[in-house]
Structure formats: structure tokens, C-alpha cells
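We begin with a single chain expressed as C-alpha cells, specifically the form predicted on its own.
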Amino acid sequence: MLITELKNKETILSLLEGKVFVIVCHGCREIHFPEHEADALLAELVAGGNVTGSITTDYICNVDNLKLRLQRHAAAIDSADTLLVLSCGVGVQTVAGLYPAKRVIAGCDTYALPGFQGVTPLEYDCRQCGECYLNLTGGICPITACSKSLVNGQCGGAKNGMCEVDPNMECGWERIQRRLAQIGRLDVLKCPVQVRNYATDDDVK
């Protein structure tokens, strides 16, 4: 179970560049999703004239289903500079994987609740840490893509692009660096590190 809440509106607006396509996921709304807040934000963005289109669907973590649903929005997505995703971190990573050349922005933070977490048909994972890093790392989660959950870059143990802890796993920060280079955002790596608030992470309590 999880709680997904919208980031501060000013924070979201500061992350948007150029034309925007909005993807809203209602897959887990029976747990908690800020449906009314998301609708209000979408309406405001549409009124501002910078939205090329939007889709509200469910379980965007199902990549095959999402591909089919987005086909009829291909022109609107192609003309957008930024894809704003209102979902948990798994949904954001799914969209980023489908559109590696687009800026993909996470508009929500996700918090864990005790109980059944649902079934995600992908290798993507969301630690539900309550402070999503995906906007700083090109849509690849450093908490789950890195065996050490490092948020300030690659460790000194990776060799030939592979993880020191798990030699069969590609280094998460190698992936992040490639992704940021692909979307022209390597400048993000020069920003101060966003220190984790471990009080929100059930795994370390």
C-alpha cells in the first residue's frame, strides 16, 4: 500500500520547460492518489497554453498497456519538450524508459504504508522514500538502481560499468550519467546533493 501526493505546485512549475504533455495514473488511487489536486493542476497548465495534450489512465507501470494507450497521443508527445508524470516512482521510470530522449518530470512523492504493495510487471522499483530523486537523475532512481542507494554519484568500486556489490548488475550511476547526457542535462550533476531524509524511509527505521 502507498500514499502518492503531489509535490508543491511551485516546485512542479519550476521543473517544466517548453511544451508539456501530462500523464496521470489512477492505478493506485484506491490507496491514495491526489486526484482532485492533479485535476486542478492539469486545468491550470492547460489554461496556461503550454500543454500539448494529456492522458489519465491506470497502471502506467504496465509498459505494454501504456504503449497502446499512448499511441493515439504520439503527435502531442512528439511536440512536447517535457513529459510531466503524476504517479508513483515506478510509473515515472516506466515513462522515462519509453522516452529516453525526453525530459520526464516526477510530479509526486510516494510514501509507503504497511500492507500489500501491488504487482509491478517490470524491473523498476520505487522505494517510496517520500522525496523523489527522479527529477535530479533523469528518471532513473538512485535509491533502487544503486546497490548502495548512493545519491551523490558513483562509488569507487564499480568496474567496467558494473556494480561492485552485484557484478551482474549495471552500475546505476553509469545509467544515470548516460541518461542525463542523452537529454542534455549533465549540468544537473553540478547541483548540490539533496540530502536524504531517512525518517521517511521504512527500510532504515
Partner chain sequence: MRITELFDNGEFVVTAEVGPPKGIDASHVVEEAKEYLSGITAVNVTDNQSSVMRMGSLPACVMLKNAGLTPILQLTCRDRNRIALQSELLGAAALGIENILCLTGDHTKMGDHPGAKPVFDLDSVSLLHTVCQLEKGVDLAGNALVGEAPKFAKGAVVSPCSDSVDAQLAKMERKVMAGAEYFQTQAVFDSEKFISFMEKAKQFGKPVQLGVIIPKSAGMAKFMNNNVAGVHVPQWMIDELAADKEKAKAGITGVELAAKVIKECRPYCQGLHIMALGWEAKVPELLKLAGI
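For clarity, every value in this text was computed on a predicted model and none was experimentally measured. Positions refer to the first chain, counted from 1.
The next section is about a form of this same protein that is not shown, the form predicted together with its partner chain.
Report task. Scan 45, 165, 63, 55 and let me know which has any heavy atom within 4.5 Å of its partner chain in the model of the complex. Result -> If I apply the 4.5 Å criterion carefully, the residue I get is 165.
Query - Contact residue in the model of the complex, from 158, 143, 70, 41 (heavy atom within 4.5 Å of its partner chain) - result: It is 158.
Query raised in the report: Should residue 148 be counted as a contact of its partner chain in the model of the complex, where contact means heavy atoms within 4.5 Å?
Result: Output for residue 148 is yes: heavy atoms within 4.5 Å of its partner chain.
Requested in this report: Answer for residue 194 alone: is it within 4.5 Å of its partner chain in the model of the complex, judged on heavy atom distances?
Outcome: So residue 194 counts as contacting its partner chain.
Requested in this report: Evaluate residue 174 for contact with its partner chain in the model of the complex, applying a 4.5 angstroms cut-off between non-hydrogen atoms, and reply yes or no.
Outcome: Yes - in the model of the complex, heavy atoms of residue 174 and its partner chain come within 4.5 Å of each other.
Query raised in the report: Applying a 4.5 Å heavy atom distance criterion, does residue 153 contact its partner chain in the model of the complex?
Result: Flag for residue 153 set to yes.
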